[in-house]
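Given as structure tokens, the chain that follows is alone and in the form predicted on its own.
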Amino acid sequence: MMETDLKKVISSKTGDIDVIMLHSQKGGPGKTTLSCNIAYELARRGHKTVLIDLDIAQPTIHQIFQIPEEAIEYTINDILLGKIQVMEETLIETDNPNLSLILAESRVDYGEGLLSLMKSIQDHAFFILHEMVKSLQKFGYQYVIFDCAPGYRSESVHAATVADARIFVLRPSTFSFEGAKQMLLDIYKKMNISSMNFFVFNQVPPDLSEKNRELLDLWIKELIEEYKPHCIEFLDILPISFEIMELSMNGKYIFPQKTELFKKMCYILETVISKIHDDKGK
């Protein structure tokens, strides 16, 4: 992608619609579950919201919301490949009238379509992603949540340039920490994404030893220092929830409102939205 094209997209604001992406270095830190809960909570509060599954290789949002495959006529794959435009038929309703989904194809052959390594396909998908957000704004949506593929997949990189805010989700492990640090340097810093970047540590044991708590604090400081002169902000530590783990065994992933995890998720959501609105108000 040419640098001038990228600058045009970054400088093109999405107006009254707020776009939040969640990303991770590897699968497993709970990024998708957090994406679904953020979108669901926005809708519960009365905001018209679209949750988009950008994990083309391993989509799971259709499973979380228990959408049968026969009910999925169009997917994000079709949109990004230019086969169709965003329309009412591409948006799948949920039990909350304010929450719609755009799902991904669950069976995709590597090397074909969006998993092709052809640059022309990837560049085409980039610009369609940007136009898709503008179309959703015209439909009256207030929020778009991207659940991105982990790692360096191109659609995740594209979403980073379109989003108003980016939330990086890590697990409390040396592997996750080192991988996140490298990715922030390889993608976000090189793309000159200088603001509205956040990170959280998820699935943290509630009874950390003093030594490991100090280590976690050290990792937080190091990630912030590594990203300078740009800014990345630490949001919160999300605890492991055995209650949520048990619910997920029965196909339930939305956090009960009485749980500590729900309260912390709401804090994260409110903090990010407040900062987006402050930034757009400048």
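Because the structure is predicted, anything quoted here is derived from the model rather than measured. Numbering starts at 1 and runs along the sequence shown.
In what follows, reference is made to the form predicted together with a small molecule, a form of this protein that is not presented.
Close approach of Q63 to the small molecule in the model of the complex, 4.5 Å, heavy atom: Output for Q63 is no: heavy atoms all beyond 4.5 Å of the small molecule.
In the model of the complex, S248 touching the small molecule (heavy atom, 4.5 Å): Judged by the heavy-atom cut-off of 4.5 Å, S248 is in contact with the small molecule in the model of the complex.
Decide whether Y253 counts as a contact residue for the small molecule in the model of the complex under a heavy atom distance cut-off of 4.5 Å. Within the cut-off, so yes.
Find out whether any non-hydrogen atom of I240 is located within 4.5 angstroms of the small molecule in the model of the complex, and reply yes or no. Residue-level check for I240: yes, a contact with the small molecule.
Can you work out which of I244, L235, A57, I220 has a heavy atom no more than 4.5 Å from the small molecule in the model of the complex? Exactly one residue meets the criterion: I244.
Of these, 173-181, 197-205, 79-87, 133-141, which stretch puts a heavy atom within 4.5 angstroms of the small molecule in the model of the complex? Looking at the other structure, the answer is 197-205.
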